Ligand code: NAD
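One chain is shown next in structure tokens, namely the form predicted alone.
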């Protein structure tokens, strides 16, 4: 079995411990053995990044652009290969996985261009003869901690801007999906990234993640993951004075009004709720439907969900892949049982057997629910969605906003009046009109409000707000 090591100070190394990377579609398929860093290895990675930062922070913007462009070009050329790797280790269907790999390549190439567009401002002072220059500089050594559900795209949209703006990186991917993370590290290594500028430390969050948070060598942390972990990191970063960017959970509403095109609404709901096995923070987990269309929408949703093909991620007929692991599967089943206990009607949600042993789960639709139920308050992160019946648009908007989260909110309507009002009054960082709540572009800001996000937005030109710090200089003759 091939073994894959961590990248520390430009060298492939391990701490003596390895973990098996297992395919959730086929538990007999082991992708490889991946190194698990200990606290000492994490410390060496942070030391290497700190040592490399002074020279990398003032390096040529062309050098940075060239390296990122090489990585982006390589990913795009090999997106089928990386997509297959992603599908095997995370369980996304092959088309979704290839699409995610392609997006990662586009992200690296986008930030190759951004490296050449680092600009400042020149202003006049209120004092005669004095001028003011406002410039941006890299933050320092950035700790990047990513989740398992987008194992190549999320690392890309954090690592690429960090490097583009002159920061050094210590990267800890989710322990569950080290394969895509290692592939990114390998491409950066091949592209000629200087020693210590980028470091990969795979391992447990309780060991490597904690070391990153606690280290005085780390100046900023970008974390995507659970609300509970994010809040703990936020408290510690406030105490230590570290810059922080958090992307956490979602309980996203998709409002369906009486005048909605039923086909458009059902397609948006099915895509948002069930694709990627529902394992997206942007998933449409609450379907808020007005009374006039409720019955027709519910029947159409039940029919559409029942037709979805659940199977091996590499099977070309599969529309919904397996749940990522046993722990997530048990969580999904727990909430399905809870839905019944809360007197919701449950359509689907059963365990499925397939030719290979894996974590297969039938998509679930919870009917006759209210927004007060726990299934509509807590993030499930699986292939399930609840239908909440409301009287009219005003009640729909109130229910949509009645949540601690605020990442995405969608509406299906043919009314410009309601679409415009919802755009302004939905308490979310992103609003979708007649589209699934899941599915965002790489060149525009990503992020939410309330418990969903904290700190500057990710992606696009807004990424510079986190990965740079502003300096104001006064100049006199």
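Residue numbers count along the first chain shown, from 1. In this text, all values refer to a predicted model and were calculated from it rather than measured experimentally.
Beyond the structure shown, there is the form predicted in complex with ligand NAD, which is absent from this document and is the topic of what follows.
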Pick from 106 to 114, 85 to 93, 244 to 252, 123 to 131: which stretch has a heavy atom within 4.5 Å of ligand NAD in the predicted bound form? 244 to 252
May I ask you to choose, among 182, 148, 393, 359, the residue with a heavy atom within 4.5 Å of ligand NAD in the predicted bound form? 148
Report the residue, out of 368, 271, 226, 135, that has at least one non-hydrogen atom within 4.5 angstroms of ligand NAD in the predicted bound form. 226
So in the predicted bound form, is ligand NAD close enough to residue 312 to count as touching (4.5 Å, heavy atoms)? no
Considering only heavy atoms, tell me if residue 446 and ligand NAD come within 4.5 Å of each other in the predicted bound form. yes
I'd like to know whether residue 209 contacts ligand NAD in the predicted bound form, with contact meaning heavy atoms within 4.5 angstroms. yes
Given that the partner is absent here, does residue 173 sit within 4.5 Å of ligand NAD in the predicted bound form, heavy atoms only? yes
With the partner absent here, would 16, 45 and 188 each sit within 4.5 Å of ligand NAD in the predicted bound form, counting heavy atoms only? no
For the heavy atom contacts within 4.5 Å of ligand NAD in the predicted bound form, list the residues of 227 to 241 involved, in sequence order. 229, 232, 233
